[in-house]
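Below, in structure tokens: the form predicted alone, a single chain.
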């Protein structure tokens, strides 16, 4: 090696940026070698134990039933279909939980700051008790309460259409008739119109200072337009009402299992308590001068909270709120404790039947990783959208 090349290497090493790139390349190379070692060692161990690796087993027949499903499934379906059903069940309970926990958390967070002593203390007790009891125990608690309901033959009835018993809740199922697609088109037009009017209202207010009642217009477009279309199309909707047969069993309608209800309630109540504290902290981060100025202008407390305090508090609320959404999604895997057939519960059955432990666990990890990344990307997008724009 010549003296010139040695000098070039020496200068390259002394340069802080170049040295940083070299260290990063070495780290990536070392990580790649470590992963390659783990993979090769795992394959060798599987071969020595006469265990086949790969995901071909997903095409095999599942040979077990699933009582909670959103798509068609039978015992003759494949393992792949079973895992898809379990994944949809997980997404269902996570979506329902996030919606309910957000509503509960924001209401409780605002009421936690209420000057009313009784309301303040009741909400405070809910938050402190719920946050300090493990979520698994709360899941089991709600499940036991639902199992203590009357048997199917002694179901509690609401108007002879809704039945509540220890097997869950049976409600009428909608049957969409010919022409209902026009109602859906009207709903889509209403949503699009609401979006356009809301943008126009903000631009108009910024330019002229004049406000426009977007709320009533949105209600008319989203509710009124589809409703008028529904009656104009001849009411293309029927209901399949659950009916008890002579053996006391319910036929027809939609049955919601107690496991789903218990898991949904537990995750919503538990996560809602944490969200309530996040909302309270976000509201208290807004300067009191903002509310005092609004009060001096004669604005009502409710309008001050909606238009002045919450928009500013959201910039503090959104980042920790994202973490709570991710925690709720991952906590849904505790459904296996009460027999709710989510992806983990169904995957355990697939694992026991096929013996493909590594592959099934990798599917679990990939599923929850994808779900968490999608949630994080959406919340990060929303966080940037409401961020303050410096001029």
Partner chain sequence: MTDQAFHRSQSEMLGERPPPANSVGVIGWMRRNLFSSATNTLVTILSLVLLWWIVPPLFNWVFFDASYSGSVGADCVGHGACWAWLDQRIDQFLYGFYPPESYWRVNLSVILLVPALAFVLFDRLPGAKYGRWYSLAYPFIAAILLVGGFGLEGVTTDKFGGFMLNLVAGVAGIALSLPIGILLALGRRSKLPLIRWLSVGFIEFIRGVPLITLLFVAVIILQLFLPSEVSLDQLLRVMIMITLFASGYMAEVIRGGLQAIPKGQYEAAEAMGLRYWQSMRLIILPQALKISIPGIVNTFIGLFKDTTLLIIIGLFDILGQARLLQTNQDWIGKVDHETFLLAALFFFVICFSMSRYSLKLEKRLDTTRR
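Residue numbers count along the first chain shown, from 1. Because the structure is a prediction, the values reported are computed rather than measured. Just so we're on the same page, rigid core means the largest C-alpha set that superposes within 1.5 Å between forms.
There is another form of this protein, the form predicted in complex with its partner chain, and it is not shown here; the text below is about that form.
Heavy atoms of every residue among 141, 274 and 361 are located within 4.5 Å of its partner chain in the model of the complex. Comment: 126 to 134 is the region of 206 to 214, 257 to 265, 126 to 134, 168 to 176 lying near its partner chain in the model of the complex, near meaning a non-hydrogen atom within 4.5 Å. Here is the short version: of 308, 119, 223, 243, the single residue with a heavy atom within 4.5 Å of its partner chain in the model of the complex is 119. Think of it this way: in the model of the complex, its partner chain has a heavy atom of just one of 289, 159, 302, 115 within 4.5 Å, and the residue is 115.
Within this chain, residue 333 lines the site of its partner chain in the model of the complex, having a heavy atom no more than 4.5 Å away.
Not displayed here, its partner chain is kept clear of residue 58 by more than 4.5 Å at the level of heavy atoms in the model of the complex. A residue is said to contact a partner when one of its heavy atoms sits within 4.5 Å of a partner heavy atom; residue 348 meets this definition for its partner chain in the model of the complex. At a distance threshold of 4.5 angstroms between non-hydrogen atoms, residue 270 is in contact with its partner chain in the model of the complex. Although its partner chain is not shown here, in the model of the complex the stretch 354 to 375 places heavy atoms of 357, 358, 361, 364, 365, 368, 369, 372 within 4.5 Å of it, in sequence order. Residue displacement note: residue 365 has its CA displaced by under 2 Å between this form and the one not shown (rigid core superposed). Core-aligned CA deviation for residue 301 between this form and the one not shown: 2 Å or greater.
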